[in-house]
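Consider the single chain below, provided in structure tokens and representing the form predicted on its own.
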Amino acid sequence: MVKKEEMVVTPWKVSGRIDYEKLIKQFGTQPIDEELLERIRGHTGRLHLQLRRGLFFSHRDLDWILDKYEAGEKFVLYTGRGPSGPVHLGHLVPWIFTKHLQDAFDAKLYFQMTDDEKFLVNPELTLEDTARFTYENALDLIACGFEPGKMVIIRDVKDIGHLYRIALRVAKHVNYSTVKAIFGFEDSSNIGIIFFPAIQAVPCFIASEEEGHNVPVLIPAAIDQDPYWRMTRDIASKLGYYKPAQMHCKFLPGLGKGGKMSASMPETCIFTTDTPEEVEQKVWNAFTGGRPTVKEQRELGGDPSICTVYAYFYYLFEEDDEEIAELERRCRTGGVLCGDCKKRLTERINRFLKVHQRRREEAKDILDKFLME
């Protein structure tokens, strides 16, 4: 009997089959229910694909931040990236949604590149490595359509002078037993990573410091980062700030069997710099819910619920709800073969990457306009 891999979700490791309902209970968050979706729809019109299809599924104080907005109090957005390697499609998921929120609510975005964290937790990375990845990742971020003046990129190592004063105030209110319980630090953990959560808390409060009054903050990010904001929310009121609100997204699956898209398994990842030939090869080798033979597929149909190719259409590359429902129906009834879906997905991804890679190249000329002064 094959032993089922235990679910692990931490800021530094995600493995096993993810049970999102269990995570909601484990982390103490709230599901994004129909009432909240209707409130959002009132401000945005048609709901974004990632909300309609449940990719963003959980929250903390989303109802509160909508109350503030509806009372005339604008909020800012905050999210980030740990620059430990190249960007893949899974990283783009919350960035695309963040851009939607920014446009819909006219919100400024603070985007933190935690190059310090990745240096501290990965023994193989140097500060030069993380600085290089920060630059490359920033190009991908800008390529998502963000504009100067509406987004500020925070590079922790370069911009520590902007962060350290607030980080010290945060750190003074968090004891070691608290971060040990939240993050699982051990005696062997280096002292840098023990202090780092105070650094990651800072962008929650920068807007309030800059404007001289409390500014609500909404953080759209993958749920593995939730422990940082739990700690931050615990001490926010002690420092005189609002608690940051959050929206949590699921993990985009890799093209292999089970698990999220991870750069540690590059054959299951679509990187933003992949060539059309690389995309075709990776998609062609993807795990599907299809049958072993064409005959069985035609007679018995496939299972889109376990198919990574279908997941990419569902979460990213098919906006039309009727079309995605028809694709599911045809898969289950044997009306479409896996090869047909793979060919179609390859074309969709390559069209997307052609535009993204052009914008990424153009971002080199305007990157300085997004950096902290």
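Given the structure is predicted, the values throughout are model-derived calculations rather than measurements. Counting begins at 1, following the sequence as shown.
The form predicted together with a small molecule is left out here; the points below concern that form.
The small molecule in the predicted bound form is approached by residue 114, whose closest heavy atom lies within 4.5 angstroms of it. Proximity of residue 200 to the small molecule in the predicted bound form: non-hydrogen atoms within 4.5 Å are present.
The closest heavy atom approach of residue 241 to the small molecule in the predicted bound form falls outside 4.5 Å. Remark: residue 229 counts among the residues lining the small molecule in the predicted bound form, judged by a heavy atom distance of 4.5 Å or less. Annotation: in the predicted bound form, residues 78, 94 and 251 each come within 4.5 Å of the small molecule through at least one heavy atom. 219 is the sole member of 219, 179, 236, 207 with a non-hydrogen atom lying within 4.5 angstroms of the small molecule in the predicted bound form.
The single contact residue among 99, 162, 88, 155, judged by any heavy atom lying within 4.5 Å of the small molecule in the predicted bound form, is 88. Partner contact region in the predicted bound form: 79-87, out of 297-305, 122-130, 276-284, 79-87, criterion any non-hydrogen atom within 4.5 Å of the small molecule.
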